Structure formats: structure tokens, C-alpha cells
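Heads up, what comes next is one protein chain in two forms, each shown on its own as C-alpha cells, labelled structure 1 and structure 2.
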Structure 1
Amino acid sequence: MNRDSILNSRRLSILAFSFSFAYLLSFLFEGQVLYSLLDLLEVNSSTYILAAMILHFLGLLTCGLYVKTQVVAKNVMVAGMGICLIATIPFFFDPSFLWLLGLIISGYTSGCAVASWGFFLKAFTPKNERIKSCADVLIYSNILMIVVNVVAMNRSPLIGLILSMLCLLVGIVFTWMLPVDQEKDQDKAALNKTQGSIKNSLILLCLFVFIITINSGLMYQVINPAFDHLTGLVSWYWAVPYIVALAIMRNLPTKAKRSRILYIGMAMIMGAFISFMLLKRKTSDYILVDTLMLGACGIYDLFWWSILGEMLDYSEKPAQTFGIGLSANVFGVLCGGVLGMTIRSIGLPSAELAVIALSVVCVTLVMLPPLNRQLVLLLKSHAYLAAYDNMSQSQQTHIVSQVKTLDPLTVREQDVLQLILSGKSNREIANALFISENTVKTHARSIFSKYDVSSRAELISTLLKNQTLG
């Protein structure tokens, strides 16, 4: 594919996902259209909302088991969205079991469709540009969601439902138009081994995402109900700070230290809860609290979405990787929601409620910077290893022998070093050399000490830097 066609494919994939995701945000996944419909017909919403979320979670998690090529990914996306469209039709009629059935089916299929987009994010957006594509889809889908929300909350929920279905239909058309690179599918087997092992990074990212989104779920349950009387403002202003934060983050220079922005996000969430505790429930108070809270959500969401996007490069199964990452998000929202509901059910006064919520936020957010550091380190190490893996055997030997150590490595340490450089984990090295994992760790420490480095990433970067200078 030439540059122009890649650019067009990228735009097309962004539009396809944005429109489909707008349906999800405005209707299926705790959307205002669904809430408005359930409220209008005085139906207990929790069963419906929970069923859709759980099935969506399962769809995201299991999709990778059978979506293994771009062709299948495209088919699953089109079919999944088509099924969602059909499953939404019962909502034009009186409540029946078809509502719940529709939400269960569309919850699962939409999860599969969303996860499958991982293939197109990987194929059509170049490396290091994925933060922009992720920001674009989040911005566009949230703008569409605002439009649908305003109509659903101020005009009629049914018109809102029609609009969200229209979004889905447009999403299907754009997905249908997406080109499929079959050659890449056939070359998949040729991918090197290093690119397949991202388990540790993904687990860490999921933990990161889970912690962040617990706060979102908590916020839905604690802050939102307090401003129920400001329906008009909430319908359009709710996601505006989120979109602005995404736009700012999207256009930050590449060199900007994103970890520092996480601290700003942390301060914003704390500020939001403190303001919520101290201020009244006026319009200006809502604007302040929502700006701080949703701005922080925008910062965090784009941060982990972009890391997940970059991670796709090291995965042979983008749908699986993307789905697992997003399922951690849904699981976090679920847990946060349950936590919020529990806090509310105790019937505490709002000030005490906010203090409890704030304490949970503080505890979870304190864990974020070290998690982030670990994650960046893991990814950095992975990128270096991929570069090393692409070199020929003689080049690899050359760069290892070129770098001076403070003390010569023993033969055993050389064996361990070779396996470290081939991207193996401590456990894999232990199995390969028939030694214990603790022995491998001790040898690795000794190797780092002899190279005067403190981590695997630093070790490989030292070796590669030397190669560049040579």
C-alpha cells in the first residue's frame, strides 16, 4: 500500500470506529439514551445496565480467541455491529424480555467488534502515531455522543435512539469500506518470537487501567446523582472537558514527559472530590467539579489507550491484546460502580461520602506513578529487544563483544546474557539452563553490575548505543 492509501485507510478506520463507539457510549454502555428510555418507562435500570456491561466485558475478553486475521476482524466488526443494530430494535416497543436479550447479545457482539478494531489500529496507524489515532476516535465518538445525549435528554429518548442507531449504521458502512491486507495475514507466521511475548507488559497495563477506571465508576455513583437537577447542562457539558483534555494531550510535543501529566491528572481528580465536598450544587459548582474530573479522565484514558495501541506492534493477535486491555477498563468501571453503589446504599451524608470516595481515590492514585514507571520500562525494554532480535547473529555477537564491562563475564553469565537478549523471562531462562529462577536473578544482577547498568532496558540500550557509535 502506498502512503496516500495508508492515510486514507487510517482516516476510514478512525471514522468507522468513532461512529460505532458513539453508539456504544450513547446507548449500550451506560449511555444516556438507555438511561432516558428506562427512566421514561419506569423500568429498573440496574439489571439491564449490568447485563450489557458484563457481556461487553466478556466479548472484549474472548474475541481474541477466534479473531486472528484482518479478514476475520473486518467480518466480526461488520457482523457484530449489524447484530447490535437488530438487537436495538425492540427498544422502540414496550419493555419485554427482548430488551434484556437484546442488551445481552449486543453487549457481547459489540465487545467483539471493538476488540477487532485492534487489527486496523495496528495496520493503518504508524508506530508512535497511535496516540493521535486513539485521541481522534475518542474525541469524535464523544462529540457524537454529546449530540445524541442532548437530543435524548432534551427532546425525546426515541429520537436519541434513532440517532445512535444511525451512528452505528454509518460505522458499518465505513467498516465495510476498510481495505484488508491479506498479504500481512499470510506473513504472520514470519513474525519473530520477541514480538509475541508482551504478557508482563499487558498484565501491568491492565492493572493500571483497572485502578484508573475504578475511580470513573466511583465518580458515576457519587458525583453524578448530586447534579441530577441540572439536566440541560449535564447533557452537553458532561464530556466537554474530556474532549478538551484529549485534544491537548493529542497535540503535546512527542518529547513532553507524559508521566508528569499523570501527576496533574491526579491533582485534578483530588481537586474535583474536594470541590465536590466543599461547594454547593449550583451550576458553577458542577462546571468546576466536572471540568476537573472529566479532564483528568481524558488525560488518563488517552495515556493508557496510546500505550495499548503501541503494544499492538509486539502482538501477533491485536484483537486479543486490544480486547484484554479494554476489558480491564470495563471491569474497573464495574468494580467502581459496585463500590459507589455500596457507599451510597449505606446512606451517608454527602460530605462523608465524598471523604470516603476521596480516600479510595488517594490510595489508588498513589499506586499509579510506580506502575507507570514499571510499564514504561517494560515497553522500552521490549522495543530494544525487538531491535536486537532483528540483527543478524554476527551483529549480535559483535555488539556484545564491543561493549566494555567493568569485569569480564563468566561463561555462565554469558549464557544468561544471551538468553536475556533473546527476550526470555527469568523463568524461561531458568528452564533453559536447568537452574533456579533465583539463580538467574542473581546472575542478572551480577551482569548489570558488570555493565554498570540497573535494568534490562538500560543494558540493551547500552549495547545498541555502542553499535550506533561504532
Structure 2
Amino acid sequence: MNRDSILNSRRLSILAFSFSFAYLLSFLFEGQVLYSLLDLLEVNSSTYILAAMILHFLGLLTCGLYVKTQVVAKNVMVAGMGICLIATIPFFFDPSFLWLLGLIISGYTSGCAVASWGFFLKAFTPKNERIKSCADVLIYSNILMIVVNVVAMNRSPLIGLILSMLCLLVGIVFTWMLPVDQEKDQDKAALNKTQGSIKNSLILLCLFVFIITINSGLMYQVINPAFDHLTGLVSWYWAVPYIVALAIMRNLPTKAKRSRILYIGMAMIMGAFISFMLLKRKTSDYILVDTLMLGACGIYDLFWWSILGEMLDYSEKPAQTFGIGLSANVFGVLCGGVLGMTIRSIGLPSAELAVIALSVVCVTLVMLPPLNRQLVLLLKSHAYLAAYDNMSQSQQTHIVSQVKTLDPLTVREQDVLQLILSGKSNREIANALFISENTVKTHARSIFSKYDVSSRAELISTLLKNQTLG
């Protein structure tokens, strides 16, 4: 593809994901359309919400086991959203077992569809732009969600349901238009499995995401019910601070100290629960609490979404990597929600509920600083490619010469190493050196062996961890 084709494909993939994700946010995943329908018919929501979340978690977690090419990813996205469309139809009729069955089916298939988008995020967005693509899909999908929520909460849940299904239908159309590269799929299917630091880093990231998103589950079950009387305001203001935070983070300069903003996010979460405990339940109180909590959610969501986006370059299974990362988010929300429902069922006053919630937040915050330090180191190792590319030739040579190999590199291996550190793919290296890709892979395996590493990421980290750019 040329640059214009890739840019158009990127826009198309963002639109496809944004519209389909808007359905998920407004209906399936603790969506206000579903809540409004359940409240209208006086149906207990806990069973339905938990069923949808558990199956969505399983869909995200297992999708990568069978979605291994762009072609399959596109088919799964289209089929998954089509199944969701059909499974939502029973909600136009009286409650029955079809409601629960529909949520179970759509929960799983939507999880698979979301995870599959990892292929298109990787294929159509350069790695240094993925934070912007992730911000765009989160911003657009939340704006669409606000429109659907306003209609569902202030006019009619059924009209809101129609709008959420319309978003899904538009998402299907845009997904159907996405191009796929079958030849590229075949090349990637032949690559060796990524091992070592990427798997360990993904586990670390999932732990981070799980801990921070427990707060989101508590928010749904502790804070939101206390402001049910502000239906009009909640319907449109709910996600506004989230969108504003995403827009700010998206447009920060590349050199901005984002790690400092993470600590601001921590303070905002604590401030939200403290404010909830001390303030009343007036309009101004809701605006303060929601601004602090949802603003922090925007900061953290874009932070770990963008890390997942960077990780896709080091994974041959984008759907698996993307799905596992997002499943940690769903699992955190699920656990936080169950905890919130449990402490609410005891019948404690709202102030005591807030104290319990704040205690949980404090425990998670104690764990976040060391996790954050390790993630910063991880991100630095992923940013080494760009750092290396900006060095002079003498600096590059100095960096490589600092680390001793088990056996000396051949002249050809040195050429391959330079191109690996410049971020070139096996195909690009083969074209640059006029050799076959299999020969490139042979040289790469030999280089890994001589440096006693198992992957490109580990090689880059080993070579550049003590770098000084001078």
C-alpha cells in the first residue's frame, strides 16, 4: 500500500471500531440503554450485567487462539457484530430467557470482534501514531455513546436501543470495507513465536490494568447509583471529562513527561472518592466527583491502550495481545463491580460505602508506583528503536560495541543487526541487502544466539539499556 492508501485505511479502521465500540459502551458493557430497559421493566440488572461482562471477558481472552491473520480478523469482526445485531432483537419484546441468552452470545462475539481490531491497529497505524489512533477511537465512540444515552435516558430506551444497533450496523459496513493483505498474513504466519520479555511485559501490563480498573467497577456500583436523580445531567455529562482528558493526552508533545500525569490521575481518583464521601448529592457535587473520576479514567485508559498499541509491533498475534490486554480491563471492572454490589447489599450508608471504596483505592495506589516504574522501563525499551535511529553513526557503533557477544558477529550479521536496530522488518532487511527473507531469519537467529537473547525486543533492551545520547 502507498501512504495515501494506508492513511485512508487507518481512518476507515478507526471509524469501524468507533461505531461498533459505541454499541458496546451504550448497550452491552454496563450501557445506559440496557440499564434503562431493565429499570423500565423493573427487572433485576445484576444477573444480566454480570453475564454480559463475563462472556465479553472470555471473548477477549480466547479470540487470539484462532484469529491469526488479517483475513480471519476481518471475518470475525463482521460476523461478531452481525451476531450481536441479531442477539439484540429480543430486547424489543418482553423479558424472557432470550434476553440472557442474547447477552451471553453478544458478550462473547463482541469480545472477539474487539480483540480482532488489533490486526488493523497494527497494520494501518505507525507505531509512533498509535496513541492518537487509540485516543480517536475512544473519543469518537464515547461521543456516539453520549448521543445514544441522552435519547435512552430522556426519551425512550427503545429508541436508544435502535440507535445503538444503528451504530453497530454502520460499524459492520465500515469493517466490510477494510482492505486486507493476504500475502502479509502468510509471511507473518511463518514467523517464529515471540518469547521472553514481551510475554512478561504483557503480564505486567495486565496486572497494572486490572488494579487501576477495579476503581471503575466501584464507580459503577458506588458512585453512579447515588446520583440517579440527576438523570438529565448524567445522560450527557457522564463521559465529557473522559473525552476532554483523552483529547489533552492525545495532543501532548512527544517529549512531555506523561509519567507525571499518571500521578495526577491517582490524586484525581482519591479526590473523587473523598469528595463523594464529604459532599452531598447536588448537581455541583456530581460535576466535581464525575470530573475527577472520569478525567482520571481517560488518563489511564489512553496510557495502557497506547502501551498495548506499541506492543503489537513485537507480537505476531495482534488479536491475542490486544485481547488479553483489554480482558484485564474488563476483569478489573467486573471484580470492582462485584465488590461494589456486595458492599451495597449489606445496606451500609453511602458515607461508609465511600470509606470502604476509598480504602480499596488506597491499597491499589500503594501498589501502583512500583508497577509504574517497571512500565516506564518497559516503554523506554520499546522506544529504543526511535532513540537509536536518531543517533549519529559513531554513537550507534559505540552502543553496539559496549555489549560483548558470545562469539564475534560476521560482517553480514553486523549489517543485519544495524537494520534490526533501525526498526526494519525481515522483508525490508532482505530488500536492503539483496538476500532472501529466510537468510535474514537465519542471520537474526545467529545474532540472538550470540547475544544470548530470544527476541528482537530483548536484543534491543540488552544493547541499549545503558545508552547515553550525549
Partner chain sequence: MKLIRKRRNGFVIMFLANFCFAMLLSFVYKEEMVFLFGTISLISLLFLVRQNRLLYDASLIWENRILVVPSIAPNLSGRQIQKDTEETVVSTFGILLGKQIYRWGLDGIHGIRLQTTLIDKERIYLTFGDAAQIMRLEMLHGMSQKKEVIITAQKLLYETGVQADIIGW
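Everything quoted here is computed from the prediction, not taken from an experiment. Numbers given to residues start at 1 and step along the sequence of structure 1. So that the term is clear: the rigid core is the largest set of C-alpha atoms that superpose within 1.5 Å between two forms.
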| query | Given that just one of these two is the form predicted alone, which number is it? | reply | 2
| query | Honestly, after the rigid core fit, is Leu28 moving at least 2 Å at Cα between structure 1 and structure 2? | reply | no
| note | Aligning on the rigid core, one finds that Leu433 shifts at its CA between structure 1 and structure 2, in Å, by 32.5
